[in-house]
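Next up: a single chain in structure tokens, the form predicted on its own.
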């Protein structure tokens, strides 16, 4: 029987899709490990709402796969007690998905539109921790109203990683402004996408990148403001091509500080890796323009040690800024999470934070309450305001 080729989207993986999958590969096992400690005999669910074909195939030889898609990646890195539920509407993609996951006993596939069966999916995973990966291609397929909000109102631990279609939002907003025929329908689509109408104010008052950023911030606020929802923290990360073009944003939402901390660490590492790849790509292009001749005027590459020192210095100030808060006694992880929530998401590593604490202690600017020398989870200390001066050791 000849192999039916899946849709063109799955013919070849792009470099930016690889970055998205790398985030999934890092976070999903961490989520499963964390949930395994509190599952009380229940399954842990991975739900892929727009699963696709399971693999990317060589366009010249459809029988040859070139990379795994998200459902196969998830199946390979999980096992009992984790269950994988994949939903795919396109029949050709679904047939491919079935073939690629048939040897994983913990995987179940459904051929249907995720939006129309979301209630059935929610009933199936009810009472269990669940991670939802929602990688749709536009705004109509992934509205916050009637879909994301229903997932957010689950009673059990729930994390969501979804695609925020940056370009599609931009096009629909432009249609609302300028297209008298389709503008109204596209505006109603955006009302559902954002689960609100404040986006119209941003569109009317802003333009360009400033508008894009304001709309994304509004989207994140709307996720965490869902009435009775479990999602208390939402953040975004740009998925870019190697040459620096933003393709879309990943939005991560969770109700658990541990999930927020884990994803912050993962995206910090992802950004560091991306910056190296982007810099290498830029240098290759510049060298090609000059026929491989280096210039004496090329700027030196950033020094990693200098970058770390600058980051730790900024962290030290951010830690000391918390001395103005009513809470003066802190625990290592609690303060770290407070900084992440306050704008430092994906901006530093645990190693950076530990270094900042150690330096502040050595300088006499924080007082350690816990015994021992290690600075890690459980370490307690007190912050002193600058007016109190240095602690005498």
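In this text the structure is predicted, and so the values were computed from the model without any measurement. Numbering follows the first chain given and starts at 1.
One more form of this protein should be noted, the form predicted in complex with a small molecule, which is absent from this view; the next part is about it.
**Student:** Tell me which stretch of 86-94, 312-320, 192-200, 281-289 has a heavy atom within 4.5 angstroms of the small molecule in the predicted complex.
**Tutor:** Looking at the other structure, the answer is 86-94.
**Student:** From the list 219, 233, 176, 133, which entry has a heavy atom within 4.5 Å of the small molecule in the predicted complex?
**Tutor:** It is 133 that has a heavy atom within 4.5 Å of the partner.
**Student:** So the small molecule isn't shown here. In the predicted complex, which residue out of 345, 353, 50, 31 has a non-hydrogen atom within 4.5 Å of it?
**Tutor:** By the 4.5 Å heavy-atom cutoff, the listed residue in contact is 50.
**Student:** How about residue 163: is it within 4.5 Å of the small molecule in the predicted complex, going by heavy atoms?
**Tutor:** Heavy-atom contact with the small molecule at 4.5 Å: present for residue 163.
**Student:** So in the predicted complex, does residue 115 come within 4.5 Å of the small molecule, heavy atom to heavy atom?
**Tutor:** Yes, contact at 4.5 Å.
**Student:** Taking any heavy atom pair closer than or equal to 4.5 Å as contact, tell me whether residue 19 reaches the small molecule in the predicted complex.
**Tutor:** Looking in the predicted complex, residue contacts with the small molecule do not include residue 19, since no heavy atom lies within 4.5 Å.
**Student:** Residue 45 near the small molecule in the predicted complex, any heavy atom under 4.5 Å?
**Tutor:** Contact check for residue 45: no, nothing within 4.5 Å of the small molecule in the predicted complex.
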